[in-house]
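Take a look at this single chain in structure tokens; it is the form predicted on its own.
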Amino acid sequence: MAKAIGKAFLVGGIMGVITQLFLVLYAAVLPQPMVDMHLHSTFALVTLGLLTLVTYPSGLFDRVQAWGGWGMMLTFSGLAGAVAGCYQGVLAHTGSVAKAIGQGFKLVFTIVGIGFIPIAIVMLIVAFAL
């Protein structure tokens, strides 16, 4: 168990460093007003997702995820990998690109929706507490 946790922390840490490099890169390249609006964070996350989608077909993403477990799955790239896996699975079972895309969107909206619920509850508590 300690070995699995160590691997997860190592992979998660590497993903954090990669994400931070993207943040620094975009903060240096984007014009100052865009950096002030924190768009560099959005671009970094989108780039991380695209990097995952590029590494997924080769099997590299799966190999890193198999070795590092939750360290890889808890990052934004894990969401992109989950969507890519969902797409491939639905396409393989149904042969329909439209159904595969639909299930990919359904997965994203389900995860985002579930993630929004605790944030909304905390926001309501804070709003009424102030």
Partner chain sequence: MLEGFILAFVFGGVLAAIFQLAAALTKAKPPTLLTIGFALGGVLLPTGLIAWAEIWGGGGMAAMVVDAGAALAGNFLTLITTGVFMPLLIVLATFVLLVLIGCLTGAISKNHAPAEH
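Basically, rigid core = biggest C-alpha set you can superpose within 1.5 Å across the two forms. Here the structure is a predicted model, which is why all the values come from computation and not from measurement. Residue numbers count along the first chain shown, from 1.
The same protein has a further form, the form predicted in complex with the partner chain, not shown here; the description that follows concerns it.
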Heavy atom to heavy atom, is Leu79 within 4.5 Å of the partner chain in the model of the complex? yes
Check Pro31 for me: does it contact the partner chain in the model of the complex (non-hydrogen atoms, 4.5 angstroms)? no
Decide whether Val46 counts as a contact residue for the partner chain in the model of the complex under a heavy atom distance cut-off of 4.5 Å. yes
With heavy atoms only and a cut-off of 4.5 Å, decide whether Ala84 touches the partner chain in the model of the complex. yes
Do any residues of 1-20 have a non-hydrogen atom within 4.5 angstroms of the partner chain in the model of the complex? If so, which ones, in sequence order? Met1, Ala4, Ile5, Ala8, Phe9, Leu10, Gly12, Gly13, Ile14, Met15, Gly16, Val17, Thr19, Gln20
Superpose the two forms on their rigid core, then report whether the C-alpha of Ile117 is displaced by 2 angstroms or more between this form and the one not shown. yes
